[in-house]
Structure formats: structure tokens, C-alpha cells
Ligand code: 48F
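In C-alpha cells, one chain follows: the form predicted on its own.
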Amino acid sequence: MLDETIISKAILETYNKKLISCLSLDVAIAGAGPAGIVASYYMARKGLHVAIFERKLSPGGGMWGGGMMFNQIVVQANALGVLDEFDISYKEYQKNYYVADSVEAMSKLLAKATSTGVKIFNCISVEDTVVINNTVKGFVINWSSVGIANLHVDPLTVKSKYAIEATGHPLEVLTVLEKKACAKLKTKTGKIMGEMPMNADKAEKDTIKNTKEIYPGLFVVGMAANAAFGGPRMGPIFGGMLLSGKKAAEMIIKKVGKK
């Protein structure tokens, strides 16, 4: 016979244990879109302690919807190695244009990342950063519902050696950092430059080029990288997003190794 209180206790005890284990991390990531998830996987595979905080109920960002809710995505040839790494099936549409099912792609990204040890906390927003000696050292987190309800409820803090801004177009973390810390970013203007109109070819290249440490301790990936550095949007082509996540992981792994 099932006991409802045991069910509740099982959820509360195991979740709290998981969250407590992630209060001190190697890398904290804001945003569970494709770039953030890919970055988390490659870092966790190398033994780094990684957690992602996603404000929405469903992790995965915009990839689920493909293009205008036609749940197919396009990936160019130079990113097929990432699809192979995650066992995502694809078909060639024409030279350099490969099509994948967006639901399969995101499901496998999430499954492989979590099976490698990445912890994903959904329904949690990153509302601020921890800045010590002009370096990002973690996130300030709260339930997304607190913000939606416009309640005044004090948040909790997660410390990390490095952090990743992967919230996409809105730049939720970087916007707060720039405003509250008067942060001078590593952009041409020292500030968020904003997203430009669509140019898929340039955007795919810029997404990878703009993946870098934008402020001490904080990296930007995916669409967040283009929005920060003034690059264009790219639409439902995802090679740059995937390669951006992989590049960020490699950069952070190298930094952790040096320490």
C-alpha cells in the first residue's frame, strides 16, 4: 500500500540533497538551451562539477520548436561531430545542410548530459551574480514563480569557479551584472552591444567567435554571445550553438587545468 507522505518525503529529501551538493560548483550555467547543455556535457565528461539553472519548466530553450513550430532543425557539416557525439540522427538535405528532428535532438542532449553527471534545476531563475574582487564567483537563485508573482522573497546563493551566461536573446545574467556591478565587459564598447537583425551565415560564424570570457569568471555562449557582442540572430540552424557550447567547455577545462 502506497503512503503519500513517503512519496513526499522521498522527493523532498532527495531534491534537497541534490541542491545542497550543488551549492559549490566548478561551473554554474544559467540557461538550459542547446549551447548550455552541450557545454555542460563536455565539462562533466572531464570530471568537472556542473549544474544548470533554468527558469522555465522545460529545459531545452527554443530548439524544441524547430522553425516556427515545425519541429525540424538544420545543422551544417562542421557541427555533425557534435550530433554524432550525442547519437542524434540526421539526414543530408543538400550539401552542407543537414536536417534533424528537434525533439529527438533536444531529448538526447538532455539525456546524455544528465547521464554524465550534470544536474539541471528547472523552474529556478538566476536573478543576480556573486562578484568578488571583480570576478564572477557564482549565481544568486530564486524560484521562477517568485518573480512571476512579484513577491519579495530573499534568494539563495550558489558559488562556482566559473559561470556561463546561456540565457539566449534576453541576456538575463549579463544585463543584471552590467547594471548592478557597473561592469566593463570585454566588448568593443565595454557594454552589451545588442542583437542585430538576422543574417544566418554571419551569425553562425559569430556565435563561435563571440564565445569567450566576457567578464572575469563569466563566459557567454550561443545566442547570448551574439546578443552581447552585437552579432546577428541566426534562426533555426543550430551548428553554431552546438559548437559554441563545446568551445566554452574546452576553454574552461583548460583554465581549470591551469589552476
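Just so you know, these numbers come straight off a predicted model, no measurement behind them. All residue numbers refer to positions in the sequence shown, first residue = 1.
The next section is about a form of this same protein that is not shown, the form predicted in complex with this ligand.
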With this ligand left out of view, choose which of 51, 227, 32, 214 has a non-hydrogen atom within 4.5 angstroms of it in the predicted bound form.
-> 32
If we test each of 63, 208, 44, 192 for a heavy atom within 4.5 Å of this ligand in the predicted bound form, the one that passes is 63
Only one of 77-85, 182-190, 159-167, 92-100 has residues with a heavy atom within 4.5 Å of this ligand in the predicted bound form, and that stretch is 159-167
For residue 113, is any heavy atom within 4.5 Å of this ligand in the predicted bound form, or not?
-> no
Hey, in the predicted bound form, does residue 126 get a heavy atom within 4.5 angstroms of this ligand?
-> yes
Is there a heavy atom of residue 202 lying 4.5 Å or less from a heavy atom of this ligand in the predicted bound form?
-> no
So in the predicted bound form, does residue 223 come within 4.5 Å of this ligand, heavy atom to heavy atom?
-> yes
Check, residue by residue, if 56, 237 and 241 all come within 4.5 Å of this ligand in the predicted bound form, counting heavy atoms only.
-> yes
